[in-house]
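Shown here is one chain on its own, the form predicted on its own, set out as structure tokens.
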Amino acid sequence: MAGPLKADGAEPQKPAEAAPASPIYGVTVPKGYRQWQFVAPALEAGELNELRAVLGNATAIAAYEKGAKSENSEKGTRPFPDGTVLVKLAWKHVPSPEFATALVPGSPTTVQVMVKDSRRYAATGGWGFGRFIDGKPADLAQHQTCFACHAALVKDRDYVFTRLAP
């Protein structure tokens, strides 16, 4: 049975469902991220066998561009400012059916998100992480590995692997 009618006789609108959030960090997949600017591609060989594309929101792109114009261009702006969001799209790579020497995206594997909020994520270098498979957050165990990997390998780059592609 529907809820009570509003004064104008219309049924009340249902509240919008909250986007699924990652465990530990509460990060969600940002709306409209597919329209964000391209940061860089990547090819993960070996076990992962993935093609990747990293996109950044306007705050991320401004930080990358500011860093590219500075003396410290290899590092970009570090630390990234709060409000920076990076999204990595990943697909298995497969041979192109049209071109024998090309690899193209196959089935999607994950959407990974990094959100910079130095107060909310103070314990993890200012970054919150999310890894999503088919729009749903990956399990707790996968999220427990995010910060440890970034801290071990790119702490000096504000925990960010990706450099702005030339």
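Each residue number is its position in the shown sequence, starting from 1. Here the structure is a predicted model, which is why all the values come from computation and not from measurement.
Although it is not shown, the form predicted together with another copy of the chain is what the next lines describe.
Although the partner is absent here, I24 lies well away from another copy of the chain in the predicted complex, with no heavy atom inside 4.5 Å.
The shortest heavy atom separation between V29 and another copy of the chain in the predicted complex exceeds 4.5 Å. By the criterion of a heavy atom within 4.5 Å, A53 is counted among the residues contacting another copy of the chain in the predicted complex. Interface membership of K136, defined by any non-hydrogen atom within 4.5 Å of another copy of the chain in the predicted complex, is ruled out.
Scanning 146-166 for heavy atoms within 4.5 Å of another copy of the chain in the predicted complex gives C149, L153, V154, R157, F161, R163, L164, A165, P166 in sequence order.
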